[in-house]
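Included below are structure tokens for two forms of one protein chain, each presented in isolation as structure 1 and structure 2.
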Structure 1
Amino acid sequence: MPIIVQKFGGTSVGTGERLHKVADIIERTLAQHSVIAVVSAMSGRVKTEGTTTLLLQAGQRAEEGAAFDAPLASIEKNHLRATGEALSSRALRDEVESWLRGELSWLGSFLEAIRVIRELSPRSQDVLMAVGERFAAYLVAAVLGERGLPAALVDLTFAVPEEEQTVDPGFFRRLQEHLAAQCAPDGGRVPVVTGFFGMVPGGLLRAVGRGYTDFTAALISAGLSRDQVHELQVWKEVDGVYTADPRRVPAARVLASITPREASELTYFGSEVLHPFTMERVVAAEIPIRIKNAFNPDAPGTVITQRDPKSGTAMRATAVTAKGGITVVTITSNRMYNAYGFLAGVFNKLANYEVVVDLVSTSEVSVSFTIDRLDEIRRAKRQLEELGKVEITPGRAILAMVGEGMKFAKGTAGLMFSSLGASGINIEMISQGASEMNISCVIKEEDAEKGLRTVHHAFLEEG
């Protein structure tokens, strides 16, 4: 039977009731497909209260020599509650609870060791983070088991072969087959896979970043042969990809489809649709991705697939997004000539400090760019001052309009900027990607919501 890889986000496994929704979805899918379930760590409405965040907090506190009981107690409470809600058999509940308590006690000792040595290495941080996905996978497997659907827990915490020493360009390609081999449906048992995989050289957080479970599911999908996989489904708590973040723009609509490039741009510019690395792997393997809502499983969701960019309603923008926490850095050259040396100098110094730059705009004597890590630029500032005057302006947002159809429409940028102007929003920097599928500008962070609604109204609402 063709396989559907189903990734469940943190919110979708956050409570007993939700764990059952996930089990319903898996059970229904099993009627016609094999399933590989990939799960993220339990989370509430917002990621900042989720298990991964709590684990990272506990690690940081331990490293500082401080008490880590509070985050640990929250993790314990959330998981014990979900266990109590989800499992009806007393014996199974006792078994899961005692497993959880054993793991939590180990976790406490591990954190205590970090507190003693006052060092949280990338590897220790990974070992910590892995706990979240292991707990969630264990719970999902138990819920399936109780329903008479035998499941096999697949823990990828130590799945990366020891001989892998660096994350070189071939690393993930090599890894995908290796991961897929461990997740193959086994004798009718549903593999329930931890969305965490390790130990990645230098740490998963550095190599991939938060939201890594999307990427794990993508690697597994891409590692299976194309004729084995039907699609990758990413189950979240929204109906699909919207024309704008539905939490910020009430008039946002669900898109029936979106292209991989559009989805990448949206994610890069602040809409948490999918982890940015996800698309590349799955698209290379030609596997469709579908985003679906675990709380509304009958809705069709959004398919990420190539489409004719000239088709249908996609003549202008597809979606709009905003990313806050941006800092604009402007460097004005103290020498009016040798412009090529100036730009090269600026970017060399930024590279030395590993500063990641989003938008860039240049004039003859100055260059402005945006970054999202203020601490990085503070370290690089003195070096940059050798080239000219450095101005650092935090508290900004990038507003980006995305759509492959935009290059076929005239006057898009004009309308975007004039509508923002009419709403009294000042535009500080403008950038249009060479591919013409992204027009972005920098505005004050406090204007982001209004900016989103204004652009959404001008381009993405009927009438």
Structure 2
Amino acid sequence: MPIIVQKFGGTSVGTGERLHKVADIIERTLAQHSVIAVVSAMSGRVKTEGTTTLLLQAGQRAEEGAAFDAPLASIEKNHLRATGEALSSRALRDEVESWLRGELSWLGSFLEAIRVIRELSPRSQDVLMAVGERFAAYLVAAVLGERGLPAALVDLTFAVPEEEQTVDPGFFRRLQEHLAAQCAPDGGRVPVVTGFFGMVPGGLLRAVGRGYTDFTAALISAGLSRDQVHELQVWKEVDGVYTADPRRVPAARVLASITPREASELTYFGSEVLHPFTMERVVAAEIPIRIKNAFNPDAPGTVITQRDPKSGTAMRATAVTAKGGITVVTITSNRMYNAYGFLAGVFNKLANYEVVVDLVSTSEVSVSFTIDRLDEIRRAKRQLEELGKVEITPGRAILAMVGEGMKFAKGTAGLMFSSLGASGINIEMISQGASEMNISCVIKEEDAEKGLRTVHHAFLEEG
């Protein structure tokens, strides 16, 4: 049978009741497809309550020589509570609780070693993060097993081959085939896979960042042949990808489909659709991605797939999003005029402090750019002042409108900016990529919600 790879987020496995919802989804899917289930570490409604955050917190405390008992106690409490809620068999509950306590005891010893040497290396951090996914996968496998559905825990903690020493362009391509071989369904069993996929050179957070469980599912999907995989399903707590954040724009609606490039742009500019690396791997393998709601499984969701350019269905705009917490940095210098190497000097100095830049706008005598981290630019300011006058303006937001259809429509930018102007919103920077599928501007953060509603009304609402 064709395989559906299903990735479940931390919120989806956060309680015993939710674990049963996940098992319901898997069981229903098994009627027509084989399933590979990839799970994130257990989480609450916000990341600060999640297992991965608590593990990283414990590691940081250990590195500082401080007590780490409180984060571990929270992890134990959350998992034992979920176990008691999810499993009706006393014998199975005892087995799972014994396993969890054994793992936590080992974890405590590992953290104590970190506290002694006062060093948390990228590899040690990876070891810590892997624990959360291992706990969640073990629980999901136990719930499936109690239902009579054969399931097997697939622990990818040490899945990266030892000979892999650098994350070069071919690293993930080689890794996807390796992961797929370990996770393929065998003998009718459901592989329940840890979202953590191994000791990546330099550390997983540095190479991929948070959201790596989406990427794990994508690697497994891409490593299998197109004939084997029906689709990758990413189960979240929303019905799909919206035309805007429905919490901020009440008129927002779920999109039936979007393209991978649109999804990547939306993710980068504030909408948590999927990790951009996820699209890259799966799209290359021509496997569709479907965003589904674990709390509303009957909703059709949003499909991320390439759109036929001849279909004529592309809208002028697909969605609008906003990214807050932005700082604008402007460097003014007469040395820019008719000179070469000035911009290279700016970005070399930014690279010295690992400053990540979003938007860039230049004139003859100044360059402005946006960043997320105010603390980083404050450290770099002295070096930047060697090039010219530096002005730092925090409290800004990037408002971005995305849509592959924009390249075929005249007057899109004019309508967007005139709509914002009519609403009394001042535009401080403008950026449009050569692909013409994203128009972004910088506004005051306090105007972000009003700007979202204004642009959404102008482009994405009827009447």
Ligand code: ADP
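C-alpha atoms forming the largest set that superposes within 1.5 Å between two forms make up the rigid core. The first residue in the sequence of structure 1 is number 1, and each one after it adds one. Owing to the predicted nature of the structure, the values given are computational and were not obtained by experimental measurement.
Peer 1: The same chain appears twice here, once per structure, so which copy is the form predicted on its own?
Peer 2: Here the form predicted on its own corresponds to structure 2.
Peer 1: Is residue 13 among the residues whose Cα moves by 2 Å or more between the two structures after superposition of the rigid core?
Peer 2: Superposed on the core, residue 13 moves its C-alpha less than 2 Å between the two structures.
Peer 1: Establish whether a shift of 2 Å or more occurs at the C-alpha of residue 250 between the two structures, with the two forms superposed on the rigid core.
Peer 2: Yes, the C-alpha moves 2 Å or more.
Peer 1: With both forms fitted on the core, give yes or no for whether the Cα of residue 28 moves by 2 angstroms or more between the two structures.
Peer 2: False for residue 28: its C-alpha shift is below 2 Å.
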